[in-house]
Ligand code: ATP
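There is one chain below, alone, in structure tokens, taken in the form predicted alone.
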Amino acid sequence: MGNNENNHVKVPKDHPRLTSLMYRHKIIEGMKNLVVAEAGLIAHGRGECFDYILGEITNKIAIQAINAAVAQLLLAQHPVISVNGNVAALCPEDLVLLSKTLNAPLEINLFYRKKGRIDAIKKLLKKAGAQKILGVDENTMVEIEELSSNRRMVDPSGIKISDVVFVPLEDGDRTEALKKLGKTVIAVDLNPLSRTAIWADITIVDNIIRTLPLMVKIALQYKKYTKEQLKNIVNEFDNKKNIQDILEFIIEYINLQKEKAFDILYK
């Protein structure tokens, strides 16, 4: 593509990988602007692989998990949306809109704390319309003792006192730590077998770029529901069954694609 592909290469609108390439370039730009860590590029590519075997759609199983996640966040006393570099680079506007819709603050929480990254993410979120962002003052941060990585540093007004934490594109070690602290964890993870997916209370196996706008739409609807209605939605959700259903979906999808490929190659 050349050295300046992000600035000069125009992907044709009829390109079959148009959406994927657009967001790939967002991640690359995010890395150049310190928002995304270098390892974030690898993580994004790994996610794309899983999205392929999900058909790159938000299926009914994921929608059920999204419904439960939104209901849980609306029932929370102190909900918090945890933000890392990849999520901020991919969909900052959707993050801010979801935060405002749910009345759940955004808290920056990073594994790779390269100098300038927090400021870069804060600037990006501010540009997207965020007014108050937690996790930016290192002098006031406190530790989660159950964790040894940089993610142990949390805001005393945010994740520390939260009862429900939304952790899109999360590290499994912190999900496990948050669970041990008695917090309800909602995750977005394209890998249904990751530690994050297994440990979370509600696992949305979907692409974050599709999940967040749908969460906003559902939140606007669910805000009109009673607490009892929201509790029923949460209680009817079974995360173990959710993951099992997703795995069955993947198996069926791969088998279908195998048949299609054979038809093309050997007809």
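Numbers for residues come from their place in the sequence shown, where the first is 1. In this text the structure is predicted, and so the values were computed from the model without any measurement.
Form predicted in complex with the named molecule: not shown, discussed below.
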Heavy atom contact within 4.5 Å of the named molecule in the predicted complex, the stretch among 37 to 45, 214 to 222, 235 to 243, 53 to 61: 37 to 45
Partner-contacting position among 188, 154, 81, 88 - heavy atom within 4.5 Å of the named molecule in the predicted complex: 188
Any non-hydrogen atom of residue 195 within 4.5 angstroms of the named molecule in the predicted complex: yes
Interface membership of residue 169, the named molecule in the predicted complex, 4.5 Å heavy atom rule: yes
Touches the named molecule in the predicted complex: residue 68 (any heavy atom, 4.5 Å): no
is_contact(residue 208, the named molecule) in the predicted complex, heavy atom dist at most 4.5 Å: yes
Contacts with the named molecule in the predicted complex - residues in 115 to 136 whose heavy atoms fall within 4.5 Å: none
